[in-house]
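First comes one chain, alone, set out as structure tokens in the form predicted on its own.
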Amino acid sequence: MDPSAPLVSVQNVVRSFGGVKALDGLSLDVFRGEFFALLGPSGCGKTTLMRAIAGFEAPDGGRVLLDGVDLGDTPPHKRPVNMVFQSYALFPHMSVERNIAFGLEREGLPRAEVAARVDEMLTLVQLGDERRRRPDQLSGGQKQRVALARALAKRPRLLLLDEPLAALDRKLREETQFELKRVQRRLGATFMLVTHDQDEAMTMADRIAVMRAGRVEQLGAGADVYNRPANRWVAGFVGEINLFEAAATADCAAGASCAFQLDVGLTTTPLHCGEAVAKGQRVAVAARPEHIALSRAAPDQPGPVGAVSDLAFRGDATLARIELPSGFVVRALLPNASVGGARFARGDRVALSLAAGAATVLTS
């Protein structure tokens, strides 16, 4: 088998429910040893895709291949794939070790091998001291690790994670994210995560497929999706964003740089254009709040000037909302350099500027 070939290849998969396409000709590849995330809002098709890979949903069209083999006629229990559900689905009357051993015993593995794998998994998820406890005696994070150990014990070639951290509180969820990454790296396993949580996807995944209406809007590393969104929808969905309507000041070839005149009265420094644009063409310039700089406005200050309408303290930074005379609201994220917090107050008149090269030109 070619080591550079994808482990999973989803090819033009279609799945409809009552005339609504949950998957609309979707294609993507997942590679060996990759932590891959399907990110999108509710109803975008991400869980349907995961269930199609697991064999719980039969596509109306297209193919799902694993190591080059079409899984179309392979029932779920014969696929080298395992799944961790949002509810964990642990057996309440069984101990931790019995939960982990259950699937191995059903496969008829020798008792000694089952015991060895259970010990291996308990060490991996750091639950050796809890092996005889029942699920109702465990914390949420411990239950999640038991479910993970049970799924990994069968040594699947692909592990599917269906929003496995949704029931955890914020601090525990963050700790468990890093725990899952540690396990995945140690095993060199291939994980596919379904989530609607952008921070979770960017924290855990090597690559992210951002989905909408049964299609992939953008696929790439978290930093690329965040810093270079493919279109307005992705820009608006992933993180906080300012979308400025603008016009090109000159013709600009694909891959070149060009300045843009924003409707709010600001001319940008040259920005990279992924697609060719013509002089005067209408585009959107997307800028993250951390790339908006503020300064106190002088009485005759040129360029866009607005008033601070609101401030939200966020610990290491403060989110400022600046209302321009047109009513357009700009969001700027200001680092808190001292305990005193932000250096502006509500009502302050401020001038806005855009960090050089820190915005993205969107033509769609």
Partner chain sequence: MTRRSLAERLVLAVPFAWMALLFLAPLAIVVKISLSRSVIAMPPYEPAFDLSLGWADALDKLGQFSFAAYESLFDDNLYVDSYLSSLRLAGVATLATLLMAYPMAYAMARAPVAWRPALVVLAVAPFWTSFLIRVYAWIAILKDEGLLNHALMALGLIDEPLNIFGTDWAVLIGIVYSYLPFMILPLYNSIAAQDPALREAAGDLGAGPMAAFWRVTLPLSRGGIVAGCLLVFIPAVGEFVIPDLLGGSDTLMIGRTMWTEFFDNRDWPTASAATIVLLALLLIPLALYDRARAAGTERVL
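This is a predicted model, so every value here is computed, not measured. Numbering follows the first chain given and starts at 1.
Not on display, but discussed next: the form predicted together with the partner chain.
- Shown alone here, residue 228 lies farther than 4.5 Å from the partner chain in the model of the complex, counting heavy atoms only.
- Contact between residue 51 and the partner chain in the model of the complex is found at the 4.5 Å heavy atom cutoff.
- Among residues of the shown chain, residue 102 is one whose heavy atoms approach the partner chain to within 4.5 Å in the model of the complex.
- Although the partner is absent here, residue 126 lies well away from the partner chain in the model of the complex, with no heavy atom inside 4.5 Å.
- With the partner chain left out of view, the stretch that reaches within 4.5 Å of it through heavy atoms in the model of the complex is, among 168-176, 88-96, 189-197, 273-281, 88-96.
- This chain is displayed alone, yet in the model of the complex one of 154, 182, 215, 232 has a heavy atom within 4.5 Å of the partner chain; that residue is 154.
- Between the partner chain and the residues 140, 220, 265, 76, the one pair within 4.5 Å by heavy atoms in the model of the complex involves 76.
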